[in-house]
Ligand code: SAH
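Below, in structure tokens: the form predicted on its own, a single chain.
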Amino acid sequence: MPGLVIKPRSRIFHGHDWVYASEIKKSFGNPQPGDVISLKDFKDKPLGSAIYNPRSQIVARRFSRRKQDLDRAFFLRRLQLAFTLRERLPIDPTLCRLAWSESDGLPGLIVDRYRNHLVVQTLTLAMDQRIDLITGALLELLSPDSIVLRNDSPMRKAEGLEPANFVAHGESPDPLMLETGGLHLEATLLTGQKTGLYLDQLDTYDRVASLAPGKRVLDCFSNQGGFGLACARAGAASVTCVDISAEAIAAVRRNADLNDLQVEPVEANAFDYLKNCEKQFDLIILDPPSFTRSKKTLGDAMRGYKEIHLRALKLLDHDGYLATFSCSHHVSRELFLNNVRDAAVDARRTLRLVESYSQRADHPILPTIPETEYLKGFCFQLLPGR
């Protein structure tokens, strides 16, 4: 098997599974893009098996600590293990992320389940080359009505892959009606944001909505209205959902009608809305898309977060609540918390931390791979008279 010899002090010796070009001492056996390769240390000790792509900044991604191939038996075994783990979690296993890339030993493979339909993403070259093996294993294990390949993620560009969305098995299920947390939601698996719904936030909707009864609620970057609709259902006095996408606002209207709920959908840039709004709110929710996909733009992202935090705090009424989220793994929990703190200082507001949030348990976090923890959130209460 071809492979790589890894330099001393590389991150893989500290438990990480990624190898960058700068960490390679030499290659052997002429590995080709997409190959399964072996990893060795500088003393020729084996470090496991990895997938290889010299076009990517992450040249190798380890998926096993022993010699292993990506064959049919491997995918059946790893996918079944991932599915079994979800069945043990306090979540609905028929509406969840069934396989989560490195966190399930399947680097670059994502499988989301929407009842009898599956959405698959292949974000690495090796997984993309083996899509027939993967869909075959999924058909054998779950017998879904359809399998949608949702490969429009910008992450594929780093692997030299083109975007491609199509139905690999069955027929398109769109639009798909789903029920979760007492809400009926319409999902479009082929074209909607993420893979249809924000599965990582499903449990958080109700946690934030528990603060909503009798409150005036502003849901910024609302997408399909998950937070806003949950707040309306919980008894909010009013709910305003703001999103720049006309499609998202149309989805908010449809979902409100499905649930017989009253919300005010507003098609607008959330930054502009927060700047120009003259209303006051008791609960403001900020759940924007990722402001950065690289460390190079982290500074700009933090300025963007501070701007929306500062503007939101100025609209928050007496002892109101601010629930805010970041879905970029480049923004650490501490960095995000400090950003809110700095905004509060500039706005001359005193905040009390009420609750912290993370991604749903079906998106497991590996402590040795910090990139697997991407979603973080906080809920603050504005202290009056301070």
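Since we're looking at a predicted model, the values are computed, not measured. Quick note: we count residues from 1 along the sequence shown, nothing fancier.
Another form, the form predicted together with the named molecule, is not on view; read the next lines as being about it.
Quiz item: Which of these residues, Tyr205, Tyr305, Trp100, Phe75, gets a heavy atom within 4.5 Å of the named molecule in the model of the complex?
Solution: Contact residue from the list: Tyr205.
Exercise. Tell me, out of Gly182, Pro289, Pro213, Pro163, which residue has a non-hydrogen atom within 4.5 angstroms of the named molecule in the model of the complex.
Key: Contact with the named molecule in the model of the complex is made by Pro289 alone.
Quiz item: So in the model of the complex, are Tyr198, Ser245 and Ala268 all sitting within 4.5 Å of the named molecule, heavy atoms only?
Solution: Judged in the model of the complex, Tyr198, Ser245 and Ala268 all sit within 4.5 Å of the named molecule.
Quiz item: If contact means any heavy atom within 4.5 Å, which of 103-111, 116-124, 216-224, 147-155 contacts the named molecule in the model of the complex?
Solution: Only one stretch passes the 4.5 Å heavy-atom test: 216-224.
Self-check item: 4.5 Å heavy atom contact, Asn259 and the named molecule in the model of the complex
Solution: Asn259: no, not in contact with the named molecule in the model of the complex.
Quiz item: Taking heavy atoms only, is Thr135 within 4.5 angstroms of the named molecule in the model of the complex?
Solution: Contact check for Thr135: no, nothing within 4.5 Å of the named molecule in the model of the complex.
Practice problem: Answer yes if any heavy atom of Gln193 is within 4.5 Å of a heavy atom of the named molecule in the model of the complex; otherwise answer no. | Solution: Flag for Gln193 set to yes.
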